[in-house]
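Next up: a single chain in structure tokens, the form predicted on its own.
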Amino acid sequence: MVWILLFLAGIEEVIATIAMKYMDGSRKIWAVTIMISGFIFSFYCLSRAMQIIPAGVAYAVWTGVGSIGITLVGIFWFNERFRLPQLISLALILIGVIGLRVTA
């Protein structure tokens, strides 16, 4: 259950970060609302996960899920360029997250 909370925290971080891309200053209230509520929910889930999972492991997994998720959204939603060194770097993050999950 706690790992699901941690994964949700990472996904909500991705959603909140994407909302930032649409904010246009603070003119788009819907984007500001999604960003603020997304980060609140993300930090809540992260703090709950940290009550069971060691803080360093939880934070590393949270940032890893966020980094990989935001990169994938950038590629598939915003058509951002993606190069082989970036793929290798993301693969290393994914391997690290899986390693932390297996050994925690």
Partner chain sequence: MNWLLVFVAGILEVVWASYLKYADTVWDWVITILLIVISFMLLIRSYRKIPVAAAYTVFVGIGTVGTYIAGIFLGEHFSSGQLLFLTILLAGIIGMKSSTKKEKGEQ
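Positions refer to the first chain, counted from 1. Note that this is a predicted model, so its numbers are computed, not measured.
Beyond what is shown, the protein has a form predicted in complex with the partner chain; the following relates to that form.
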Interface membership of Gln51, the partner chain in the model of the complex, 4.5 Å heavy atom rule: yes
The partner chain contact in the model of the complex: Glu80, any heavy atom under 4.5 Å: yes
Distance check, Gly25 to the partner chain in the model of the complex, heavy atom within 4.5 Å: no
Distance check, Leu90 to the partner chain in the model of the complex, heavy atom within 4.5 Å: yes
Heavy atom contacts to the partner chain in the model of the complex at 4.5 Å, residues of 53-73 in sequence order: Ile53, Pro54, Ala55, Gly56, Val57, Tyr59, Ala60, Val61, Trp62, Thr63, Gly64, Ser67, Ile68, Thr71
